[in-house]
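Take a look at this single chain, the form predicted on its own, given in structure tokens.
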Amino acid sequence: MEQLTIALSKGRIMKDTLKLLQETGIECSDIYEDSRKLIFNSTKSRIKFIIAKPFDIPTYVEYGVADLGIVGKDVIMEEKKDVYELVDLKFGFCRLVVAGPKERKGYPPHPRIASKYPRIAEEYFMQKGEQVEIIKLNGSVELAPIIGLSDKIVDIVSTGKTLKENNLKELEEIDKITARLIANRVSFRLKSKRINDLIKKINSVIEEGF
């Protein structure tokens, strides 16, 4: 059986990722996100796991460091790496939205938009024919309108609780987001049997109501 290397995203989708893999029969019970260890080996399943930040996953897969990766659609849209998107895993659901202060009634002709997703934000407003200034932030995007750094933000929301707590409201929905399985193009060709077998198992688990 061929060895596979799979890159897994730290953060909000890790728990469901591990649950899905275990239900496909892959041994990954030793993996836990809080560990400082970044590489885990499952000798039984012949799989090496790389634990990384979500925005690094598509890069690892594109360059062949990992054969496969599990990451949110938002990251795939932002990074635009040369990888295959194989399966919608149907978990990690959230929405990518434009949000702004609740009390605000109007915005300037060329508003400033703060986001961890500068490419997505720029493309979205460009398609609408709106000229905006994009400000890239790496965290606490909700803070930007509060301190006057930006007029609006583009970010992911799940329950909307964080927006409410920071006196922000959703203005527009850009896209719905779920976790996806991605593959390196060369690996998908050279290890097609192993990868396709895994895809069949994943699809079976999803169909059974994962």
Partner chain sequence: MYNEYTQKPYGVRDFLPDMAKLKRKVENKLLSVFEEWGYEEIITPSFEYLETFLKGNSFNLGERIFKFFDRRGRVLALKPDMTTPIARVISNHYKNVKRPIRLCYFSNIFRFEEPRAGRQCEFHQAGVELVGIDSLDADAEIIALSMKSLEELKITDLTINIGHIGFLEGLLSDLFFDYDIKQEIKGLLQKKDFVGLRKLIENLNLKTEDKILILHLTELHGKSDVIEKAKELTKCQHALKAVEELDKLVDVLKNYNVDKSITVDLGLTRGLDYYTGIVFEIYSPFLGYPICGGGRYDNLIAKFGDPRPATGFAFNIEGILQIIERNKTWSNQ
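The structure displayed is predicted, hence computed values, not measured ones. Numbering follows the first chain given and starts at 1.
Although not depicted, the form predicted together with the partner chain is the subject of the following passage.
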Suppose contact means a heavy atom within 4.5 Å; in the predicted complex, does that hold for all of Y84, V87 and R185 with the partner chain?
yes
Between the options R95, R119, K136, R104, which residue brings a heavy atom to within 4.5 Å of the partner chain in the predicted complex?
R119
Of K201, K15, K10, R189, the one that lies within 4.5 Å of the partner chain in the predicted complex (heavy atoms)
R189
Of these, 42 to 50, 148 to 156, 62 to 70, 24 to 32, which stretch puts a heavy atom within 4.5 angstroms of the partner chain in the predicted complex?
62 to 70
